[in-house]
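Presented below, as structure tokens, is a lone chain in the form predicted alone.
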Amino acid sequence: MASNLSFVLNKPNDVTFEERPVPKLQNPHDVLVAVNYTGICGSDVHYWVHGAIGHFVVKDPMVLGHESAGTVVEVGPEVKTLKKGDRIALEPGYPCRRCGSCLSGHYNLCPDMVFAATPPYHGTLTGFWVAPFDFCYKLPENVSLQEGALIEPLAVAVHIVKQARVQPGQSVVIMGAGPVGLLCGAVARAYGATKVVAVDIVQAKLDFALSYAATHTYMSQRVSPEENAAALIKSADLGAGADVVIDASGAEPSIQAALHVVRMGGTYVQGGMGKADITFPIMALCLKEVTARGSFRYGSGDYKLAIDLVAAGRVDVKKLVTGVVPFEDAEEAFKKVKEGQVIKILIAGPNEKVVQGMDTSVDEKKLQQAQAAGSTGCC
């Protein structure tokens, strides 16, 4: 019998496995999905450790997880584009479709967004999940379900790079070499950026970034933002500065240095989330007439483009996967992410068979890099 075993956060550092009823289709436009693989996001770990992110507080038991791919097992009567057996990547946030943000094409800014594993809504670390059909993206034959689980963080990177308006031939500096920072580099290269500089405080992360998509790296030093910026520009031969700077770290020193790295008239995008308020070099922003943009999750077309990039071989998400664990080892997987023992780990669904010694094996080089680097939780 199929299981709807779910990984439930009761309170900080208190998780349990709970068998729940298989959900029923209530809307004719919905589909029932058997979840095959789920990645662990930094936000999942934050809820697990702290029980809250900002004003989103876990007050009742909540199923974790939102980076998932699965297989359609049932479709509503009005669903025409999906059928039983289709392999899909799940977009885990569903807007109201009627507010000003939704109608203007910016549904990621919907004030009534229902987002998986964000209180009070349950997540996808479960056996079965109900979703609107138009937020389920069919995977091409050459894209695996494991790759499908990484479409969510890749869509975050796609949205950030879109916000940056990256053009062919440009130089792009990315502050932070966690999964989203790495993926931003890969997407920027796919957009035609000829120079991609990864910046971090850990050499192992930079080594991996250079083997992945970065053309240059820079180890941030314990000096002033201006000094770091000057050294970065010189080391990467950026001339008057970078065309685009993306912060994927959320760290105050990185943000401060970023505004000194970007060239006159360049573009700065804030993708990482850190402290709510920081000291910001507004004078540099003004004097350089920098275009500054925020970036939040993903919007129209981002998931489709993410899948297309993987299918075409333009972005390789498999390189980020350190290992795959069976569902019953979910808590151990969370510990590995928290302790920085993995780059990206996938949890197989409760009905997914994991071949011991193969799917659960860990690439030793990746493991060494991740252990040296510390946590690389994404968005």
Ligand SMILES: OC[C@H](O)C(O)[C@@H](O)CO
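Predicted model, so just to flag it, every value in this text is computed and none were measured. Numbers follow the displayed sequence, beginning with 1.
One more form of this protein should be noted, the form predicted in complex with the ligand, which is absent from this view; the next part is about it.
Asks: With the ligand left out of view, choose which of Y268, F115, Y137, Y212 has a non-hydrogen atom within 4.5 angstroms of it in the predicted complex.
Replies: The option sitting close enough to the partner is F115.
Asks: What is the one choice in R263, R297, H216, R87 with a heavy atom within 4.5 Å of the ligand in the predicted complex?
Replies: So the residue touching the ligand in the predicted complex, by this definition, is R297.
Asks: Although the partner isn't part of this model, could you tell me whether C41 comes within 4.5 Å of the ligand in the predicted complex, counting any heavy atom of the residue?
Replies: The answer is yes: C41 has a heavy atom within 4.5 Å of the ligand.
Asks: May I ask you to check whether E152 falls inside a 4.5 Å heavy atom distance of the ligand in the predicted complex?
Replies: Looking in the predicted complex, residue contacts with the ligand include E152, since a heavy atom lies within 4.5 Å.
Asks: Evaluate M273 for contact with the ligand in the predicted complex, applying a 4.5 angstroms cut-off between non-hydrogen atoms, and reply yes or no.
Replies: The answer is yes: M273 has a heavy atom within 4.5 Å of the ligand.
Asks: Using the partner position in the predicted complex, report whether A306 sits within 4.5 Å of the ligand, counting heavy atoms only.
Replies: Taking the distances in the predicted complex, the answer for A306 is no, it never comes within 4.5 Å of the ligand.
Asks: Heavy atoms within 4.5 Å of the ligand in the predicted complex: which stretch among 321-329, 57-65, 28-36, 41-49?
Replies: It is 41-49 that comes within 4.5 Å of the partner.
Asks: Scan 201-223 and note down the residues that get a heavy atom within 4.5 Å of the ligand in the predicted complex; none is a fine answer too.
Replies: Nothing in the stretch sits within 4.5 Å of the partner.
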